[in-house]
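As a starting point, one isolated chain is supplied in structure tokens, in the form predicted on its own.
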């Protein structure tokens, strides 16, 4: 049975691999890819997405969206993904052109036209936040909203407290987490350590799978490999967006999850973008910030997200390899 999906992405190198995974999964039909600013400006992210679509021999509508966060100055991840977001590979411009419609109405219309669609977010949540603000009813029309974002009670990758996608636009993330969407949070930490593609894994992609897609998956991440090793201290290649896509394609790859109230910190100097997971069920719902915390009625926050804590690492890699054939 075909499953319909819509992907919102700030396409850089790991996003591109995630797009390949979805495009190459036989029972996934991608209705639209919407582009948001984050890793790259919208124009470059759109080029990267459209190049990836063409590389897979597909024709999927692409809609360019918001070029900056809701209230913040834009920030780019050139340092991690290279000047083009694709490891400085300078791939040729695609023939596929973006549609004229803006990403936000495209999100709304696509979801309304496909009740039960699977929404996968791989970048900041700016487009999605405006979509649910303009059409709150779409939250109930999505079967799953799998979010690559946040760090569940662990260290971040852009600050000690925050993951990049949420940090870029925390106000948008807060709106989305409180929108009623059926959020599955796949934090960046799930791609670390043994979940990295090791040197042996990358050789396997190049020498055993040895397809244009398997070479593309490693080549476009050339800058990310160096940054991951030298800056974050991980073994080789971390792929947070593909790990999230693996969970979206096969939910059983997430081997431990639980429902929690998740708040997004927007005001902290050192904690901007932190995803505060109320793992113990002790959060206070503070309705009036002008009143001291100790004067509030403390009650458990209602769970608003399913948090993935662990993945089956061999199965995530097997799914990746399968889609690179």
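Positions refer to the first chain, counted from 1. Quantities reported herein were computed from a predicted structural model and do not represent experimental measurements.
This protein has a second form, the form predicted together with ligand BDR, left out of what is shown; the following refers to that one.
- Checked against ligand BDR in the predicted bound form, the candidates 145, 172, 190, 148 yield a single residue with a heavy atom inside 4.5 Å, and that residue is 148.
- With the partner omitted from this view, the residue of 52, 39, 275, 46 that lies near ligand BDR in the predicted bound form is 39 [heavy atom within 4.5 Å].
- By the criterion of a heavy atom within 4.5 Å, residue 216 is excluded from the residues contacting ligand BDR in the predicted bound form.
- Interface residue remark: residue 126 is not counted as part of the site for ligand BDR in the predicted bound form, having no heavy atom within 4.5 Å.
- Although the partner is absent here, residue 122 sits close enough that one of its heavy atoms falls within 4.5 Å of ligand BDR in the predicted bound form.
- Ligand BDR in the predicted bound form comes within 4.5 Å of no heavy atom belonging to residue 223.
- Only one of 162-170, 107-115, 202-210, 88-96 places residue heavy atoms within 4.5 angstroms of ligand BDR in the predicted bound form, namely 162-170.
- Of the residues in 79-102, only 81 comes within 4.5 Å of ligand BDR in the predicted bound form through at least one heavy atom.
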